[in-house]
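One chain is shown next in structure tokens, namely the form predicted alone.
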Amino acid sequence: MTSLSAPVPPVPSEVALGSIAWLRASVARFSNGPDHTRRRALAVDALAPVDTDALQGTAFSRTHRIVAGLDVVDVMAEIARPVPVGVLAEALGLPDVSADVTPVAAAYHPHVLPGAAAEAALTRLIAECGGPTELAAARIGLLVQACDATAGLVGNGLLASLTGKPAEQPVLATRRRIDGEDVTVSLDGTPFGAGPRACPGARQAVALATGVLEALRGFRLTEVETTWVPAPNLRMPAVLRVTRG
């Protein structure tokens, strides 16, 4: 068994229905065994009818509308998260729920204590999905996992194209339980993971990021120094202001 195919550290299952803790306990990301297999299948099935060409085109047009007429735009705040998440949400049959996905994504991982804003955002997301079911959790989980990861693809890809430096990998590591201990496993060289837990939305993420980056051709950085997100598991710009070249 490779480290990436090892079980994930379990999360509590006796939790309040509809809470952030419930979301963690209901998605494939934090599940093992048959639960993981069943919940991953829900996510894969939800993505199956999504047209990646349409995702790319919509991400392009939405980004183009945002930057039209603006002198300077912070790509990370105004585009990198809201555009991919909003476009994917609509492809999954939901309205643009990106404003609620962002705080839920920030509280998603087990080491984070969710605040009231994140819990309220999740309540709204669950309502849009028809109630607290495993299918709702799967759809929300796809959006949450797309939030920072796809933003990283956009930010790192844009920074690389504008500086000539290699694009950095946005998600650096994951957690696994090996021989009874929880360990950090590097994702170096496997940006979408590998094995039975490989990201089910890799093609969709690439399509969304490509559409955004195509719409930002001809822009240039307004600052020489790059500020990075202060998170040990993420490598992507916190702020990335650009203007037309």
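Note that residue numbering follows the sequence shown and begins at 1. Just so it is clear, the structure is predicted and the values come from calculations on it, not from any experiment.
Omitted here: the form predicted together with a small molecule. The next part is about that form.
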Proximity to the small molecule in the model of the complex (heavy atom, within 4.5 Å), stretch among 73-81, 120-128, 138-146, 97-105:
138-146
The small molecule is absent from this chain, but in the model of the complex, do His36, Leu153 and Val171 each have a non-hydrogen atom within 4.5 Å of it?
yes
Tell me, which of Leu187, Val67, Leu213, Ala46 has a heavy atom within 4.5 angstroms of the small molecule in the model of the complex?
Leu187
In the model of the complex, is there a heavy atom of the small molecule that lies within 4.5 Å of any heavy atom of Gly218, even though the partner is absent here?
no
Is there a heavy atom of Arg62 no more than 4.5 Å from a heavy atom of the small molecule in the model of the complex?
no
4.5 Å heavy atom contact, Ser26 and the small molecule in the model of the complex
no
Heavy atoms within 4.5 Å of the small molecule in the model of the complex: does Gly57 have any?
no
